[in-house]
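Included below are structure tokens for two forms of one protein chain, each presented in isolation as structure 1 and structure 2.
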Structure 1
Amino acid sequence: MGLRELKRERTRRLIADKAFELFCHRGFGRTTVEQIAAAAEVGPSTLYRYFPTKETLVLEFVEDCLMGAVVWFRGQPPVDLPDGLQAVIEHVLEELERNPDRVRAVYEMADQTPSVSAHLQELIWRFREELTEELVRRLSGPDPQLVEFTAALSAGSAMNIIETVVRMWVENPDGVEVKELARRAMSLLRGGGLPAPGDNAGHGL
């Protein structure tokens, strides 16, 4: 629209990029907000108007991937529940795979800095909440509590699969094919959250 929105987006991107740059170079803990503001050539108060906390500067990309997938799913036509979950999972993974370095950097910072890890996990749970809400909207059933329950568990399964696949991918970038892992996870999800009775069950514990 106007020139205002343009500059807003521009400075927002500038701040986030400079922040990520500094975080990768000096580490999250060794970088002060003041330094980021100086690098982006804005005042600290301006920075805080765009990003409420230091952690959001790190997690914006992941947040866009997760929440974007929910928004995308909201616009999709009705499908079966397993198909819908699979679609959401694949959508998220494809978006994340678009910037492998950024994903790895985020998880690295989360491993080193507890507060980043905490905010990352909270972001993932918020994704589950949003997805649950959408599933409830789509599901129908006589018992509303059962619908809520099923939706929450299903969304949680999707979250679970995404986190597991991404975590294994991050920890072993070259030895793991996201597509292959996702495919295995899909079959586990469809057959059940656990190894199916006739499959690889019977594992002694």
Structure 2
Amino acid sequence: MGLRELKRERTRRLIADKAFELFCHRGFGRTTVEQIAAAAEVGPSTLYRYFPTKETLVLEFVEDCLMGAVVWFRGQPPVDLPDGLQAVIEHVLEELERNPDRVRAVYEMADQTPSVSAHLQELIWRFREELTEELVRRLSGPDPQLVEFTAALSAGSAMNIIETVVRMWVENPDGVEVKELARRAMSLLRGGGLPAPGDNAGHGL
């Protein structure tokens, strides 16, 4: 990363962090773009170049975790389908665990603010689509439609596990081990306890 890109990333991170501080202190609805820009010591036009809406500021951390996992997965060697799904799931959860307070705050805002909830669902759907595309690229089989169907089911299963584990973690911060829950879910997938492709799908990644 060059010096210019490094400075841009630092500015982006500063804006997101200051915005989140204000959202938690003042509330999402009562925080203005002008207040966020002032706290980050940038102009509103600069803020909008990095984040087109307030909702994208809320979800910046979650987006980095989800989309970063897909980017990471693209660089991994071929693996069996269940192993690939588990790797993606654990990568997302490891990143989310780095900042539990922010994750819980995101879910609280999504529960309280319809626009944040809608943007979160759009982000989740985009993650599923991009993971599906990567799985299609990796899967083999004579029937392209079946390959795409298997990939879409697998990406949906991965996202469902992530959502369920994170929701339980948010609601029970002291009583949930996220990786253990994810491994239990993957055991169900591998053993046929959940309706998703397992080792007997006949495909590799």
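Quantities reported herein were computed from a predicted structural model and do not represent experimental measurements. We call the rigid core whatever largest set of C-alpha positions still superposes within 1.5 Å between the two forms. Residue 1 is the first residue of structure 1, and the numbers go on in sequence order from there.
- Shown first, as structure 1, is the form predicted in complex with the DNA.
- After superposing the rigid core, the C-alpha of His25 moves by less than 2 Å between structures 1 and 2.
- Core-based alignment between structures 1 and 2 gives a C-alpha movement of 2.8 Å at Glu9.
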